[in-house]
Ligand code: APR
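Okay, here we've got a single chain as structure tokens, the form predicted on its own, with questions on binding and movement later.
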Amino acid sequence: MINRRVGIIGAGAVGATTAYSLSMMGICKEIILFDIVEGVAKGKAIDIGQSTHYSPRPTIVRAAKTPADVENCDIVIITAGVPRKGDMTREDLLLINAKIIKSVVADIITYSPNAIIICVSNPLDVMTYVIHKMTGWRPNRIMGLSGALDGSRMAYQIYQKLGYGAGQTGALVIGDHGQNMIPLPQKVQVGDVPTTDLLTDEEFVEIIERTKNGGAEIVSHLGTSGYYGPARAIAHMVEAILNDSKIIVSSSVMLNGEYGYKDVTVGVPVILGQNGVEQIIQMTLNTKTREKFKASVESIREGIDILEENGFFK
């Protein structure tokens, strides 16, 4: 990592807030924003750039006029895509966003061929798979935001129950980034104390459900998806890569035999460092969790199958 340059494709709420979070942390030398809507990236780059006057270290924030300006990046974050609307089917959403990702990835291959890619676009696990297939790069260089966000939402729910331990709570969620996600509050600690000593079975059930519906709860109040939480989770991953921190965080990654699956991208704990995914952590799952993980993998494969049936990968 020499440039410490991060490209962000999509300057909407999540992309722009990610740029702001990174600039406040002062871990990048340069952040490049790109958006297909004229003026959006430029306006936000100016606004964020002016805010960096008070950051711990200076960060250059600039807008890209064309995809060619997102060049020689160490990391590229993809937030581009459309949300599901009205009578749009799952198949419609998959095909539209997959085509967007295909175009974005072609530009990344051309202009930032050595980058590590973090996918944020939904449906996240399937879009992460698309990136793998479009690039043909080593699997360690591609990952999707999943457990980093879902885990922080679970930690928030644990704190809401306990009223203490904020910032000391583990965050472990595996599976897909959707309704088949698998929060594992029983497997984490608050400080050095296992949550099994602090919470009842009934409380665990409620924490799991509220974690799974964490995004929907925000939508119910705002009328739109959250962006502070996702942006900070992305920044956490970027920091680990740029600083070679070797932290453990759940991400959507390509499995090659781990957990008994191959050729599918799904959220599992990994070690993040300067090479991206340094290692996939293989946990021992009990029978019930293995069954949930299988259902999660199958739901992701259903999305991949839709793309294959429509000839997307040909």
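When you see a residue number, it is the position in the sequence shown, counting from 1. Computed from a predicted structure; not experimentally measured.
Omitted from view is the form predicted in complex with this ligand, to which the following refers.
Every residue of D35, V104 and N122 near this ligand in the predicted bound form, heavy atom within 4.5 Å: Result yes, every residue of the spot touches this ligand.
Is I9 part of the interface with this ligand in the predicted bound form - any heavy atom within 4.5 Å? Contact check for I9: yes, within 4.5 Å of this ligand in the predicted bound form.
Contact of G303 with this ligand in the predicted bound form (heavy atom, 4.5 Å): No, G303 sits far enough from this ligand in the predicted bound form that none of its heavy atoms falls within 4.5 Å.
Does at least one non-hydrogen atom of T211 fall within 4.5 angstroms of this ligand in the predicted bound form? T211: no, not in contact with this ligand in the predicted bound form.
Using heavy atoms and a 4.5 Å limit, would one call L198 a contact residue for this ligand in the predicted bound form? L198: no contact with this ligand in the predicted bound form.
Just one of 179-187, 212-220, 238-246, 73-81 has residues with a heavy atom within 4.5 Å of this ligand in the predicted bound form, so point it out. Checking each option against the 4.5 Å cut-off leaves 73-81.
Consider the chain as shown here, without its partner, and state which of N140, S152, T135, S225 has a heavy atom within 4.5 Å of this ligand in the predicted bound form. The residue from N140, S152, T135, S225 that makes the contact is S225.
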